[in-house]
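Coming up is one lone chain in structure tokens, specifically the form predicted on its own.
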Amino acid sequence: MQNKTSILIIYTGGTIGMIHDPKTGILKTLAFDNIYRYLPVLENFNYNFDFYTFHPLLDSSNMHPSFWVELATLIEKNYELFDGFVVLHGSDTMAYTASALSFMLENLNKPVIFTGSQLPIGMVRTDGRENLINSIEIAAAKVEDTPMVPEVAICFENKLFRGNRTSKFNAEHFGAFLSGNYPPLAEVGVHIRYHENLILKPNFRKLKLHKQLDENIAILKLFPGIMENVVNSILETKGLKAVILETFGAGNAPTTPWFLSSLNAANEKGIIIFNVTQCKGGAVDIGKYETSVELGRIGVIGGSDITTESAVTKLMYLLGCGFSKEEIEQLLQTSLRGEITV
């Protein structure tokens, strides 16, 4: 007789774990010992569940890299004890956390599925029930004792996305997430349809946790009329090691002399400049238009089709590993966890 599949459900905070107190009208946190009251269908799963709740719970707007380290450490500690992990997380910064863990958990060979909801699980029309049930089933899915989805992913509104390919794009609709440059890993209908050719393959190596994250980065979002003193105030930030330059379209930026001079000065000081498009779909292609040619000459690194969320966390990870500027610039253009199309 085979052992039951075991799933660890981790609650970090966020809307999904809230219930409506009928007496006070206030939303309060759901205690997991009452979860079967709100999700009795869980008893129909032939799985062993365990639950872990972070104390204090963290609204996702207060998310911080130090918490990513706590979460990744918890998964590492329980890695051999469970077949899969479901992380309940606020949707606002879920894409950042999922991206971060994809880099921090090297050689991940088990599912780490993030989910949440737009309405609390205690509300009648909540999307949380469906999201959680789908996430559990995906985290438990195996073929010949090998997990179907051995990577960090986000499950929301009947779709499963690679975690480091997603962005939250809607604050109201149940379909809150978008993966503009990579198709869903799975789609949920009557059956769960896995797109196996899109899912990362397990390498069966020992899990390696990376805890060092370097936060000395900034995002410089371009807009028409951006002022020289604004750009320089960011590029001259004390201790700055890397800048994500959010450009227009396929990586385009102003050709104003002062702007190019500021970027060049930053690059010569050893600051990495990573060109990421503001668009939710498409890729940076430095040199495609005249307005990006000079960026390439200066030494700005093209981010291909990486998301801003993934760019932030990848830079924190690479800087934390202690690589040289040249090594980081090369690795930024390399797909480490399926985060970019090369």
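In case it trips you up, residue 1 is the first one in the sequence shown, and so on. No experiment lies behind these values; they were computed from the predicted model shown.
Quick note: we don't show the form predicted together with ligand ASP, though the next part is all about it.
Annotated contact segment (heavy atom within 4.5 Å of ligand ASP in the model of the complex): 54-62, selected among 306-314, 39-47, 54-62, 284-292.
The partner is absent here; in the model of the complex, the one residue of His210, Lys241, Lys168, Lys159 having a heavy atom within 4.5 Å of ligand ASP is Lys168. The contact residue chosen from Asn252, Ser117, Thr97, Ser179 relative to ligand ASP in the model of the complex is Ser117, the criterion being a non-hydrogen atom within 4.5 angstroms. Among residues of the shown chain, Asp92 is one whose heavy atoms approach ligand ASP to within 4.5 Å in the model of the complex. Within 4.5 Å of some heavy atom of ligand ASP in the model of the complex lies at least one heavy atom of Met18.
Contact residues in stretch 301-328 (any heavy atom within 4.5 Å of ligand ASP, taken in the model of the complex) are absent; none meets the cut-off.
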